[in-house]
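Shown below, as structure tokens, is a lone chain in the form predicted on its own; questions about how it binds or moves come after it.
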């Protein structure tokens, strides 16, 4: 990725009168930290980066912009929001467009072809981070780590994030501006995480998820980071009627996690953000990818790929053979 070209493109975009600001990635304050950045002028665009450390899906911020009603005397700012997207991020934007969560004319999409990002926890485990900010770049062999004045070549398979091992769309599926050349796609790995759980009998699977959901803190980080959990009035928060009690126990935790998983069926774009931010390390990706695979294989539907598609749960095919239904 040519950072000079990226920053020049970003500066040109934010200079437009019809653009409010741009969402991108910036260096954090220490180590391998990367922070979402809001760029409002050309000068700030010089701080933007795109590297294997840019794991966060910025599409989640698109539904958090100001909405009416506004404070008295304040007029709504209806200018566009620009956003940098990787392949998986672009699928989230596309799915939001399909569901009318955002309008196409309200967003400028800057596509960033992605060779794959790293697993931050794995990176810190193998190459402990220090207070000094570090850089990670893509290289011919995989990744190049620049830390404390030293360069370290790292094989791609050593640190590649699970979501990237399984990725089918490393290049943005929709964009207004593409920065960089499309990357060569790769054959996705078999989903060993899902296969591992599927290989257990029902009783053992139940014990497995009982152990996982019992650790849930109900902090709602998974819901808050998910770009497709954008309802202003979440049914899981309602008290009248009460669907899920506030108690943090296995029963209520299970109800919360399963309800969220089924709400994402045919909508999850497998960006892995829910699992990345979970402080209890619950393997939410396995659950969501299982449902995504069922929808893909049984119904031939893949969310976030075609902006002209209908939402999965709102579509109907009269010639559906339904061969898998007993």
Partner chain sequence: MSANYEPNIVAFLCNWCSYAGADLAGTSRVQYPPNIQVIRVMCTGRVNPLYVMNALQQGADGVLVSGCHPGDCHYMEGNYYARRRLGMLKDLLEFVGVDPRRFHMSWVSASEGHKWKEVVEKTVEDAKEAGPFEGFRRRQIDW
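Computed from a predicted structure; not experimentally measured. Positions refer to the first chain, counted from 1.
The next section is about a form of this same protein that is not shown, the form predicted together with its partner chain.
Using a 4.5 Å cut-off to its partner chain in the predicted bound form, each of 286, 295 and 299 places a heavy atom inside that distance. Residue 194 is the only one of 134, 82, 194, 159 with a heavy atom lying within 4.5 Å of its partner chain in the predicted bound form. Interface residue among 230, 243, 127, 186, judged by heavy atoms within 4.5 Å of its partner chain in the predicted bound form: 243.
Taking non-hydrogen atoms only, residue 254 approaches its partner chain to within 4.5 angstroms in the predicted bound form.
Although the partner is absent here, residue 202 sits close enough that one of its heavy atoms falls within 4.5 Å of its partner chain in the predicted bound form. For residue 314, a non-hydrogen atom is located within 4.5 Å of its partner chain in the predicted bound form, even though that partner is not displayed. In the predicted bound form, at least one heavy atom of residue 209 sits within 4.5 Å of a heavy atom of its partner chain. Only one segment in the set 138-146, 172-180, 243-251, 97-105 has residues whose heavy atoms sit within 4.5 Å of its partner chain in the predicted bound form; it is 243-251.
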